[in-house]
Ligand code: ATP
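Okay, so here's just one chain, in structure tokens, the form predicted alone.
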């Protein structure tokens, strides 16, 4: 087990109290495994991903344990975390246009990343490393002398992927890596990620709200809703045997290409106010199966057919 998260709580301090963005999440990641995190916008996926690098805003407070290779990095200070970021755990951010410095040449972005962790590496060797990883993502190394604004959206995303992998980290967090890209480019980026993950034998946390994207890569999928991890299982079981009503509703809301089924399904209602979250299950107000206990008490995690599910529908199963 390369990563183990226990009883993780992340709160954002705000004027009227605090936002309970992630609550009591327990999840692990094995070597060479891809873990998908899915859910609506605002459910805590990106907050959870950024907490692994401790790059959350200053008003965020992390409680619980984030164990990386046996060390609780949740307790690390900024100086200690700088030794982890990029070298051992890296991140591919949502928007490469705002993540890449437009006044720095691509080669300088790579040199800065490499020199931060390996100052002893000569510049020519660092450039060789950069050219190799750029070539792996389908970019001619000669373009290292250009600026990021000279690249298309898909090419910028490839640069971001190359930057995150140049130091061969053990874990890569891909936060919405195909946002704002067209379908063809999305498929190409997914293929690049899949290929490089296998070649480098790294673990990956894939954060997305696109269930089609996560199906391409993930070994296991965690479904998040309003800060809770409501279901966790293999990708196959999530797609073919979903247990939580929210997971079932998410899957039904995917547009169906079957010409005989033109009904567009959606999940009625809105996410709860996380400054004042509901007393019981956070999905209860939108759930068609909600019982009285659902509005009164937060459900524990139940183990059902190798699936972990946070739902009172399974209260007869051992928690």
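The model shown is predicted, which means the values in this text are computed figures rather than measured ones. Numbering follows the first chain given and starts at 1.
What comes next is about the form predicted in complex with this ligand, which is not displayed.
TODO: Using heavy atoms and a 4.5 Å cut-off, decide whether 51, 93 and 166 all contact this ligand in the predicted complex.
DONE: Verified in the predicted complex; spot residues all out of contact, no.
Task: residue 268 within 4.5 Å of this ligand in the predicted complex, heavy atoms - done: Residue 268: no contact with this ligand in the predicted complex.
- [ ] Give a yes or no for residue 25: in the predicted complex, does one of its heavy atoms lie within 4.5 Å of a heavy atom belonging to this ligand?
- [x] No, no contact at 4.5 Å.
- [ ] Determine whether any heavy atom of residue 35 comes within 4.5 Å of a heavy atom of this ligand in the predicted complex, and answer yes or no.
- [x] No.
Task: Contact label in the predicted complex: residue 70 to this ligand, heavy atom within 4.5 Å - done: Contact with this ligand, no.
- [ ] Would you give me the residues of 105 to 137 that have any heavy atom within 4.5 Å of this ligand in the predicted complex, in order from first to last?
- [x] Read in sequence order, no residue approaches this ligand (within 4.5 Å, in the predicted complex).
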